[in-house]
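The chain below stands alone and is given as structure tokens, in the form predicted on its own.
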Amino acid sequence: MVKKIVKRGFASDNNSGVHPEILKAIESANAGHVVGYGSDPYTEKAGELFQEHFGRETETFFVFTGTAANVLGLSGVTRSWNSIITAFTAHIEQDECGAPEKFTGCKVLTVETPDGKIKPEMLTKHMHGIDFEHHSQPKVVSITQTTEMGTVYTSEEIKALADFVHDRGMLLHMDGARIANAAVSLKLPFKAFTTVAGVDILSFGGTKNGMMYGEAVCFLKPGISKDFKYIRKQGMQLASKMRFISAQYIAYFSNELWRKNARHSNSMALLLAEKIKDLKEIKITQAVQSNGVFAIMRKEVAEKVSKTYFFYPWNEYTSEYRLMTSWDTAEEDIDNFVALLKKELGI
């Protein structure tokens, strides 16, 4: 028998459990038989919900993982001689084991950004060699919302990027692994900073916000990837029992569960930041706009505290650490963490 684990840490929102309403939805979908591979009423209903949130022309395809959503979504709109431009901190550069380059065949080009957010002027260095066969051809700019630094793009910032790439015949992709946290931070509906702002392809994630598994590739404009169903199948991401992904999204969107979960995790990050920002030897390095707190602290202090409340180093050279809150983070977790941190700091 596996010993029940009750303590929570700050390493990742992936480490949290599944929300009870999501589990109920999976259990409810388990009754009876339905046609496999997405030809079921759950998947039909989930697709309709995505259209309600992102526009009637939205085409949604469910996959198992966030990496698959990013890689296959990009594969659907690129050819091997294209390049994909993203922030140096982006998941498709740092955390997907080269999968975007392996499966798209494209070069991934990066820009340095202090807060994870790309600005149009940062892209100009890659805007050369157009129509010159000796150079890869820029095709997609990929942004992350919220960024890997916990910061949030405004709808105006996204619109400026969309205008920049569209003027050059390119497309804008959004890695929305934590898109719910961004919507709560911005106090905007999803559509306002995606479809309306000019995003073309969206990887929509719920796993970090209370779901069990299953992400969505959303093409927000018709005809962008008319052959994507074949790409998904070849990419080994066509779920035979897709209803168990789809049912989660029905529960996720119902009664704004996504918003409740994200609002809680964001508020816990703000509380955590407030309690540590004035501690000696602690320096918060990024604006706390979602559910992540980035802070510099002594390595020996971090290592001792993380034995009880696990978290990861972000930049080992600067002794910067990432503290992530989740939909199930409790104030007690934060109070106990801060008490231990103070003890190790000698306060």
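Values in this document were obtained by computation on a predicted structure and should not be read as measured data. We number the residues from 1 along the sequence you see.
The same protein has a further form, the form predicted together with another copy of the chain, not shown here; the description that follows concerns it.
Between another copy of the chain and the residues Gly169, Pro222, Gly105, Pro114, the one pair within 4.5 Å by heavy atoms in the model of the complex involves Gly105. The listed set Glu27, Glu281, Glu303, Glu57 contains one residue whose heavy atoms approach another copy of the chain in the model of the complex to within 4.5 Å, identified as Glu27. Using a 4.5 Å cutoff between non-hydrogen atoms, Gly176 does not count as a contact of another copy of the chain in the model of the complex. Using a 4.5 angstroms limit between non-hydrogen atoms, Glu96 touches another copy of the chain in the model of the complex. Another copy of the chain in the model of the complex comes within 4.5 Å of a heavy atom belonging to Gly235. At a distance threshold of 4.5 angstroms between non-hydrogen atoms, Pro41 is in contact with another copy of the chain in the model of the complex. From the list 121 to 129, 186 to 194, 144 to 152, 264 to 272, the contact stretch for another copy of the chain in the model of the complex under a 4.5 Å heavy atom rule is 121 to 129. Contact annotation for 227 to 245: residues with any non-hydrogen atom within 4.5 angstroms of another copy of the chain in the model of the complex are Asp227, Lys229, Tyr230, Ile231, Arg232, Lys233, Gln234, Gly235, Met236, Gln237, Leu238, Ser240, Lys241, Arg243, Phe244, listed in sequence order.
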